[in-house]
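In structure tokens, the next block holds one chain alone, the form predicted alone.
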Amino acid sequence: MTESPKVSGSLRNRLAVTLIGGASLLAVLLFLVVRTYAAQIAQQGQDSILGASVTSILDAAVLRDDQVEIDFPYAAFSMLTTPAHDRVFYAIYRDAELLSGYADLPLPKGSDSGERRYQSAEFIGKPIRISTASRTLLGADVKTRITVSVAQTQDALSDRLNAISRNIASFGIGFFVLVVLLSFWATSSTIAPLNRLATSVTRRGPQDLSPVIKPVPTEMLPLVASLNRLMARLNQSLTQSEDFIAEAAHRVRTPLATVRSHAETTLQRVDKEQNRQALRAMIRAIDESSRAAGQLLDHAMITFRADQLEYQQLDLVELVQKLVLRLSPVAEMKDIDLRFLGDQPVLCQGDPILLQNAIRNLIDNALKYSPSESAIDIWVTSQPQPQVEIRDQGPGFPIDEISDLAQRFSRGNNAAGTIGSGLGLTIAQDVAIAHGGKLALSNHTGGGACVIFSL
């Protein structure tokens, strides 16, 4: 079983969280900066109006007979009208003596200077903005200084700032949502080449070890280069394994065939029964070894080809008929009748080499376990799917072991004394699965084993 690597988190999620976190911080900073700037602009507007009101009052002040007369201009207070009906306060001083207005209205520090000054304060429990300016009046023998302060509550300013804040917040939320969507799009676009590379490698069969040649981003070049080097080493190792299996099977089969030939020749010349039994045991062991070597080679070949089938359009009836003809001499030697049933073509897509190998193993198994003067029936049908059914009249499958017989090197308890390696059913099952089918084992009511090989 392949051990899964440890997961340390999603690279896409990390990138998305980083971008979204930066966007949220930027949205907050944008809100604070814009609101602060808007508050400054709004405050400057109120200060300008307050300053104009103070100036209009100062311009209306005159000195007659040592008395200060001020004819309040109508515009001095009407210009301070706001939708929130802010309250307006004023105070007029002559040389620090209150002439008119609110005596407890705060005066800014340094009010003796002639510059216009502004300050924020609290008056009658409400925040206010105060503008103060001074002017010197000259008479015949008198010089006096007039100081005017005009204050206004900030309800309208607060309402205006709140409206601006809501607009800024709406803009910030929209900006944040847009950035989130762009972040997901950006992360998907950034991770897409990696996903395409993973999909491309996943779809490959074990035989496809060609290097990755598709264009990849610069950051992925070390990964792709390392992957290509790994696949080159795997390809070399796989080629060596295939060559080794083929060469080993050939080198095992050839000497075994030679030894068997000499053993059979010697058996004809030996008269002593004890020696003849020893030679028969030797021939039997040679047959078992030769069969095991052949099936090991077949199993290895199927393992290598299973993920890269060479599909062809073929007639399953014709394929099985050829196998029956090829194995008929073996059946005749054991007085077994191979009966083939199926005259209608059964067309299918498959790898002919693997299908021949699998069905030959199934027929060969039936021949091994069938008694003399019995029959083996072979059906090829297209319903419900292309399949080959093989029935013999042998001992059948052990009921308690039938689910494990298709495993490698697994043989039933009734196989004692029969030459075999335990790979025949495994080979047939692997081929069926590679073609999208299955292998079903059962015992039919008339006695004997029943094998259904379906595609």
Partner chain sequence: MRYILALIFALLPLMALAQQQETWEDRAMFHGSGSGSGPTLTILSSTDRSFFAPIITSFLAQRPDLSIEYLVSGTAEIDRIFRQDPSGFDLVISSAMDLQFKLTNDGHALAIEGVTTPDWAQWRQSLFGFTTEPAAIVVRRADFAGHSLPQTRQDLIKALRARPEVFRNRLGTYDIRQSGLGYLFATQDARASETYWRLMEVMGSLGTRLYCCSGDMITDLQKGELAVAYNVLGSYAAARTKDSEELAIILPADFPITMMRSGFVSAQTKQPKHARDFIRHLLKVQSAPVDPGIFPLPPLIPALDPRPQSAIGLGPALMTYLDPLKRRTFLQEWTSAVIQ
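Residue numbers count along the first chain shown, from 1. The structure presented is a predicted model; accordingly, all values stated were derived computationally and were not measured.
Keep in mind that the form predicted together with the partner chain is not shown, yet the notes after this line are about it.
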If we test each of Arg196, Arg326, His85, His262 for a heavy atom within 4.5 Å of the partner chain in the predicted bound form, the one that passes is His85
In the predicted bound form, the residue from Asn228, Gln119, Thr153, Ser158 with a non-hydrogen atom within 4.5 Å of the partner chain is Thr153
| message | Contact with the partner chain in the predicted bound form for Phe244, defined as at least one heavy atom pair within 4.5 Å: yes or no? | response | no
ask   = Heavy atom to heavy atom, is Tyr102 within 4.5 Å of the partner chain in the predicted bound form?
value = yes
In the predicted bound form, is there a heavy atom of the partner chain that lies within 4.5 Å of any heavy atom of Tyr311, even though the partner is absent here? no
Would you classify Asp271 as touching the partner chain in the predicted bound form, given a 4.5 Å non-hydrogen atom cut-off?
no
For the partner chain in the predicted bound form, the stretch among 91-99, 348-356, 377-385, 210-218 with residues bearing a heavy atom within 4.5 Å is 91-99
Near the partner chain in the predicted bound form, with a heavy atom at 4.5 Å or closer, the residues from 62-78 are Gln67, Val68, Glu69, Ile70, Asp71, Phe72, Pro73, Tyr74, Phe77, Ser78
